[in-house]
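Next comes just one chain, in structure tokens: the form predicted on its own.
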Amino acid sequence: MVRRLIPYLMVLLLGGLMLAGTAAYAQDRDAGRKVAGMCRTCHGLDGYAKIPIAPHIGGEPASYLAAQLQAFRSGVRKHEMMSVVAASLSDAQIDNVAAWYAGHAVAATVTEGEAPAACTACHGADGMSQAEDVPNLAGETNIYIDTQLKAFKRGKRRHEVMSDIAGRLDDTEIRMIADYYAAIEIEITQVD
């Protein structure tokens, strides 16, 4: 009996050690700041995007950022620039850069309009994520939000919730949602 349990115990021990190692990397924001040097042209060192087709990533949940980078690296999610950048990153670098950007705070101020009902449960009326695996939408450009919703709608991007929601939206509704969240003013600051 004990002899049959040894392989299982070894797997549990090794798995625990690997998880412990990953947790240590997730705390290395200084190393993540160095990796973020590659990201600054599009996303900014603080996570405030410099170009309209790139999302703001400062203040996003670390688990969300890491999952997106892993999806780009594996090819599950495709983008001509992000796929190349993510392919060059190790697991530790992904965890570190995710911790760096997650270590920023985002303050959102809604200035006008009524929040889209289909979006608030996960993205909030103020565009701030309500869950670890959901991105902030506050202050994103309407071009970026419009593009991503259409990607979900047309099956170019897949998600168990977003694909269904976006599939029920027409182009006018997508633009209304994009314009609403783009109008929210944000400020991203580093938290120490």
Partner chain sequence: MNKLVWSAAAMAVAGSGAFAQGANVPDNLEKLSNFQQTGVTEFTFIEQDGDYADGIRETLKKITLPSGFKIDLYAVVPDARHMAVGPQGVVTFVGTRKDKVWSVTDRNKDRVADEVKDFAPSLQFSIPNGPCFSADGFLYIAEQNRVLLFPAAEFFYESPDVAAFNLVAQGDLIPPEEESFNHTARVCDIGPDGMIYISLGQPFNVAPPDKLALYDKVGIGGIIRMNTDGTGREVYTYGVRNSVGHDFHPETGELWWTDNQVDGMGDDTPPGEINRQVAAGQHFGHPWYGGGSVRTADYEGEEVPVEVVMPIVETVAHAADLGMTFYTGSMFPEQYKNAIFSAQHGSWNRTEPIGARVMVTMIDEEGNASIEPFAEGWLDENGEYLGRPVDVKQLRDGSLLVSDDLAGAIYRIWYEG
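Here the structure is a predicted model, which means the values were calculated and not measured. Positions refer to the first chain, counted from 1.
The following text describes the form predicted together with its partner chain, which does not appear among the structures shown.
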{"query": "4.5 Å heavy atom contact with its partner chain in the predicted complex for all of 80, 85 and 150", "finding": "yes"}
{"query": "Partner-proximal stretch of 123-131, 161-169, 142-150, 64-72 relative to its partner chain in the predicted complex, 4.5 angstroms, heavy atom", "finding": "142-150"}
{"query": "Contact flag, residue 155 vs its partner chain in the predicted complex, heavy atom cut 4.5 Å", "finding": "no"}
{"query": "Residue 38: touches its partner chain in the predicted complex, heavy atom cutoff 4.5 angstroms", "finding": "yes"}
{"query": "is_contact(residue 42, its partner chain) in the predicted complex, heavy atom dist at most 4.5 Å", "finding": "yes"}
